[in-house]
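Okay, here we've got a single chain as structure tokens, the form predicted on its own, with questions on binding and movement later.
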Amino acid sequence: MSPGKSGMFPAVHDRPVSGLRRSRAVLVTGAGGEMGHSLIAELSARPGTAVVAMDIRELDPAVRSQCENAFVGDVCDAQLLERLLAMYEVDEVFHLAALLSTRGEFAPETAHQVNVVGTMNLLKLSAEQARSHGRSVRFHFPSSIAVYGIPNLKTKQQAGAVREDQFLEPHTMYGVNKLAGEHLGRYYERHYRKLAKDRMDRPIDFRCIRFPGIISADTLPSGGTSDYGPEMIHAAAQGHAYSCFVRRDSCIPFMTMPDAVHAMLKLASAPKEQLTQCVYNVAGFAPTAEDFERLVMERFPKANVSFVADPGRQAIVDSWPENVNDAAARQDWGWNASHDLQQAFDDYLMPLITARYG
């Protein structure tokens, strides 16, 4: 199935999307990624929820079938977003579309356009939606530990679990972009059009999670800066040699993809009055690269793993905390990870990865 001239797929359901009354919907951008797939499956199962998806590429047919409609296009395309919002009354946005850290360092200006301008486009149009239907639009924004910028390795080792308000001087364009997105969301929720006489109070209900490195059994690593752990596991399962691009003692927090999706949905369902801040850390486990090697070698004794640190990528990993303090998420909306490192290997990664590669 291919998009029409407007960049839009035909609707799956028979419900009309034109006329005087727009259909209410939840919008998911970046819907083609694994988090998008999982979120759409959960959201579409909610009674009365119509999911509208958007991605730069056509969706997998199985995911497409769970959506009311799917748009193919760029979040920087303001005209496409306006057409979408002319058809749907959007009550909630999950803004997953982004250009990630490693690619962002090769094309920082493009990363800024996608990650900042695209986010601002969606926030502005969401605020206009709120004004048109008289209630806040809930806006979910996945941020990253890339927003942190710890100045040196000694400070990192002494810092322990870092709070949301510490070391916010990111070393990458992706981190700069994500931090800008956090500030934009806070502005659109609390201060948008502050001096306008007809301003609406809190048009956006902005909810943001700073994710650590995310490990998936289903999706192949895509070369991200935190992908050395997943890359090592997938390579060993396929019988391939792997040269790790960080030192053995490198340490940052990680979580599994199911826990990441669970966190997003749990924050989404939390009553607003329980939330004391807009941006929350979440943590799963904090292994060294050597911990990954140990577990890989236990499962794949013939695995060939070496360590040759890439100076640039190593410097980025060294600027991220060894762990994050997620006490606010635990207190405000009951966050708790399902997997520690051993459980992630035993119960999630190994069964699915070994089945994948035989």
Ligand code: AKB
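Residue indices: 1-based, along the sequence shown. Given the structure is predicted, the values throughout are model-derived calculations rather than measurements.
Quick note: we don't show the form predicted in complex with the named molecule, though the next part is all about it.
Exactly one listed residue, out of 256, 250, 119, 101, brings a non-hydrogen atom to within 4.5 Å of the named molecule in the predicted complex: 101. Between the options 209, 145, 111, 236, the residue in contact with the named molecule in the predicted complex by a heavy atom within 4.5 angstroms is 145. The named molecule in the predicted complex comes within 4.5 Å of no heavy atom belonging to residue 115.
Looking at residue 225, you'd find a heavy atom of it within 4.5 angstroms of the named molecule in the predicted complex. Contact check for residue 280: no non-hydrogen atom falls within 4.5 Å of the named molecule in the predicted complex. None of the heavy atoms of residue 94 is located within 4.5 Å of the named molecule in the predicted complex. Residues with any non-hydrogen atom within 4.5 angstroms of the named molecule in the predicted complex fall in just one of 75 to 83, 154 to 162, 121 to 129, 137 to 145: 137 to 145.
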